[in-house]
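Have a look below at one chain only, the form predicted on its own, in structure tokens format.
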């Protein structure tokens, strides 16, 4: 096996690195939390590496106009922790990491900003591998690839491309698992399913649900997009501030996190929550609150792992083969059914059961990476 070594930086790269400032932020329980700034490029970002027991940290870049640096820090800490558990449960041989860039992706995202961030990732020499997330597109990944090889999910021929279809398929299988647990059958014909968020993943999920025969209620802050998809799938629309209160069999959150909280839990009129949004629980204790209300919850870091499974596959020794992540995403269904049973047996929330499973695998190094990731797109 050939380990690809990074060439020494060119003079231009050294100059770029000199403008990038990295400052450590001490956070208990995290291996590294780094503030990244570049005044020339207008960059303020945070890279959080939570745990690398099972392998290098792998997680997306989120570009979002946070109201404050503290808001961004709290989000990236929660996201990176979730990535640790997501990787552990699904045994992909990676640890948990995430990054956020504090910017409006519609007006403040520039090639200079992306290249500067890519330079910071390169300076970490593989401790953190980045990928697509909210506000960060495949074209953005192509730009970052110019500054670092430590990026996956690019449009490159040797890469895995868009992870959204895999995330969506795993989410759909998770919805089926909820139906199986609730109704004794995973058939969705005639079941009322409410989908919040119609982005790159949510729209795919709606498509799968339509072909499975579900009765759809959909919502998005982009009302024009919601109306367009409603016409295509004969779905009913609700305003963004009403979708979480929809009377339905299964609620599918596919937008931002924190939607399960003290205010929303009493308003839910669903039998299950099974969606692809990260960090759906504002606090871990809200998993218990759902259990107390008799609402089945598919833990987010289990059901939404399809995208991680896909991008991780491109770093395998033999290169990317879509059949591997397809198989693993398909079996998210079985993992969730097992978690439901563990939770029921132990009289605990499904969230607690999933956390315990992840922590067990980390403690005993189950699924630990045995060879370094291979960046096939940098072998040319």
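Rigid core (definition): largest C-alpha set, two forms, superposition within 1.5 Å. What you are looking at is a predicted structure, and each value in this text was computed from that prediction instead of being measured. Residue numbers count along the first chain shown, from 1.
The protein also exists as the form predicted in complex with a small molecule; that form is not presented, and the subsequent description refers to it.
- The contact residue chosen from 138, 182, 256, 187 relative to the small molecule in the predicted complex is 256, the criterion being a non-hydrogen atom within 4.5 angstroms.
- The partner is absent here, but in the predicted complex a heavy atom of 219, alone among 119, 177, 219, 154, sits within 4.5 Å of the small molecule.
- Stretch 192-200 is the contacting one of 101-109, 144-152, 281-289, 192-200, since its residues have non-hydrogen atoms within 4.5 Å of the small molecule in the predicted complex.
- Contact between residue 123 and the small molecule in the predicted complex is not found at the 4.5 Å heavy atom cutoff.
- Although the partner is absent here, residue 158 sits far enough away that none of its heavy atoms falls within 4.5 Å of the small molecule in the predicted complex.
- Within this chain, residue 276 lines the site of the small molecule in the predicted complex, having a heavy atom no more than 4.5 Å away.
- In the predicted complex, none of the heavy atoms of residue 245 sits within 4.5 Å of a heavy atom of the small molecule.
- For residue 134, the Cα coordinates differ by 2 angstroms or more between the shown form and the other one after the core has been superposed.
- In this overlay on the rigid core, residue 62 has a C-alpha that sits 2 Å or more away from its partner position between the shown form and the other one.
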